[in-house]
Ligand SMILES: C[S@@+](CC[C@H](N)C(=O)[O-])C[C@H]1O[C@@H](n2cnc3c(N)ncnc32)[C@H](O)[C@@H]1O
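The chain below stands alone and is given as structure tokens, in the form predicted on its own.
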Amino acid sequence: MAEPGSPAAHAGDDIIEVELDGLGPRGDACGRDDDGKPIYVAGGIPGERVRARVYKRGRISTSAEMIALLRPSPHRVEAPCPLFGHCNGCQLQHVAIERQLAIKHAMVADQLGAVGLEPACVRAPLAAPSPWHYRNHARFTVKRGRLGFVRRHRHAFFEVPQCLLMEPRINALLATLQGRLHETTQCNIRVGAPDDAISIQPRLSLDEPASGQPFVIEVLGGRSFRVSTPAFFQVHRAQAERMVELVRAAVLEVGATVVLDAFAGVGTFAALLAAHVEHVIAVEESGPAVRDASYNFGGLSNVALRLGKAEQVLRAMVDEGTAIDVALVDPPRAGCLPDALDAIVALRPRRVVYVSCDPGSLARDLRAMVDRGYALSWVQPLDMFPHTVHVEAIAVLDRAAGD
């Protein structure tokens, strides 16, 4: 909060001083002007006082760039990437990793508290075993043959010689391709678990490296998965392994025999649960993901794949009288539609295991489940995306006794 009499009233040169006491939804530190309007400062840390230059005034918020640290945070570290501050891919690279975990814990707990749920059920986040060079998927903008990113605030392109979040194979390909891509404006690179599992899209006229590969092979839980270029797969393989272990334990803890895997994607959870339960029903609407899942379920006779929108398929299951023990839900960032939640409640699973990459939509949907007779047992954040403001979380709800 800006102190009384501070320059937060905005002088004509638009240089301000502001106390930063929070974090905005995009990872910018947040303070407030004398009228209570948020001021977002990229590169700041909650607890700091900074001098900043305003570059955008909106109706509901002000955006500024830091020009001087007046009182630095004890959690501030030197960002190792020379692009930090120009690139918006890493919002927290200047924050000590232990503090990043505390920030992410607070993000999840605060969202739960905002909807009247108990923040104390949020466990300490699981730190990533490899906080650098973990991303197995990159999307680059291409301009004049050069690969790079676009700065969020000013929409300016800048070349990227290497990215400290990307797996080494992606950085090696980035160096190889620089200055050679004159036939496209976008380039996606995905690498799988085997060393030779590489996909470069779109198909290019270059002799080397080869491009246009339709999929890569990933490995989780000791099982191989085909992942097509447009399909979703977790970008941090090591943390995805831990997430699978947590989900599997939560499902098996209640002695489940029939499991629903809503938003099944390429079938990761369903395939890895199949050996431990009698039957898995996987629901997915994306065509590429369904084709991958069909391939990945090869040899699994106890997995049924149903194509369609989750809310429609789940409602049909209710009408058919399908009985399930556990509902596993892993929706997109926006969360579940109300009709999907209504159908899950109508199916009456003993337990719901909810996987989310957005604390806000997670809290909203957990509140809806609690209001329909489920008790929130625990929430486990995972640092799936170190040095960014994003956080993955697993939540477990149990049907209230006697319901």
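Start at 1 and count along the sequence shown; that's the residue number. The shown structure was predicted, so the numbers you read here are calculated from the model rather than taken from an experiment.
There is also a form predicted together with the named molecule; it is not shown, and the following applies to it.
Colleague: Using a 4.5 Å heavy atom cut-off, indicate which stretch of 125-133, 87-95, 178-186, 305-313 touches the named molecule in the model of the complex.
Modeller: Result for this chain: 305-313.
Colleague: Can you pick out, from Pro161, Pro332, Pro214, Gly113, the residue that has a heavy atom within 4.5 Å of the named molecule in the model of the complex?
Modeller: Contact check passes for Pro332.
Colleague: Only one of Ser228, Gln239, Ser286, Gln201 comes within 4.5 Å of the named molecule in the model of the complex by heavy atoms, so just point that one out.
Modeller: Exactly one residue meets the criterion: Ser286.
Colleague: Should Ala264 be classed as touching the named molecule in the model of the complex when contacts are defined as heavy atoms within 4.5 Å?
Modeller: Ala264 belongs to the contact set for the named molecule.
Colleague: Would you check, heavy atoms only and a 4.5 Å threshold, whether Gln100 touches the named molecule in the model of the complex?
Modeller: Gln100 lies outside the contact set for the named molecule.
Colleague: Might Phe149 be said to contact the named molecule in the model of the complex, defining contact as any heavy atom within 4.5 Å?
Modeller: Taking the distances in the model of the complex, the answer for Phe149 is no, it never comes within 4.5 Å of the named molecule.
Colleague: Is there a non-hydrogen atom of Phe140 within 4.5 angstroms of a non-hydrogen atom of the named molecule in the model of the complex?
Modeller: Although the named molecule is absent here, Phe140 would stay clear of it in the model of the complex, with no heavy atoms inside 4.5 Å.
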